[in-house]
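Heads up, the chain below is alone and in the form predicted on its own; it's given as structure tokens.
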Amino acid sequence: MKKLDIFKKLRTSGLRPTKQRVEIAKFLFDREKTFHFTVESLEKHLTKKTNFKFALATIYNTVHAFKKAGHLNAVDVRGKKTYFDTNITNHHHFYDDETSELIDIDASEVVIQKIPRAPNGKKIKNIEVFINLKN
């Protein structure tokens, strides 16, 4: 990803491009594959990859600004953990209870034949299939 694209993501999220925020954005968006993470796991990855310390509050605020701007999706796992996903397209997930890993399922791999009607005054925004795995 170009440096200009990183700055654009930060600015469209309402964030000034500080050194830490640029590093966070590069780590999240300058990659080939989808990345699923919690704020805490991201902090560990960043500390390992770079040579400086990141404040958890900076990571939290940056991630939530990216989510609010539509650059990340949030995936709630049983009300216990919130994962963030760099894949913002409509898709589904496997969740491995033992490894705490979230794995993408392409939307075309799931066929839904019938869904209930939305309650009066409501519309269905999207449908997400969440499949829990175990050994």
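Note that the structure is a prediction, hence the values are computed from the model and not measured. We number the residues from 1 along the sequence you see. Between two forms, the rigid core is the largest collection of C-alphas that superpose within 1.5 Å.
Just so you know, the form predicted together with the DNA exists too; it's not on screen, but the next bit is about it.
K.L.:
Want to guess which of 25-33, 77-85, 105-113, 92-100 is within 4.5 Å of the DNA in the predicted bound form, heavy atoms only?
P.N.:
After filtering at 4.5 Å, what remains is 77-85.
K.L.:
Heavy atom to heavy atom, is K49 within 4.5 Å of the DNA in the predicted bound form?
P.N.:
Taking the distances in the predicted bound form, the answer for K49 is no, it never comes within 4.5 Å of the DNA.
K.L.:
Within a 4.5 Å heavy atom cut-off, is K122 in contact with the DNA in the predicted bound form?
P.N.:
Flag for K122 set to no.
K.L.:
Counting only non-hydrogen atoms and a 4.5 angstroms cut-off, does A69 reach the DNA in the predicted bound form?
P.N.:
A69: no contact with the DNA in the predicted bound form.
K.L.:
Do R117 and the DNA come within 4.5 Å of each other in the predicted bound form, heavy atoms counted?
P.N.:
So R117 does not count as contacting the DNA.
K.L.:
With the partner left out here, which residues of 18-38 have a non-hydrogen atom within 4.5 Å of the DNA in the predicted bound form?
P.N.:
In sequence order, T18, Q20, R21 come within 4.5 Å of the partner.
K.L.:
After the core is matched up, is the C-alpha of G79 off by 2 Å or more between the shown form and the other one?
P.N.:
Yes: G79 shifts by at least 2 Å between the shown form and the other one.
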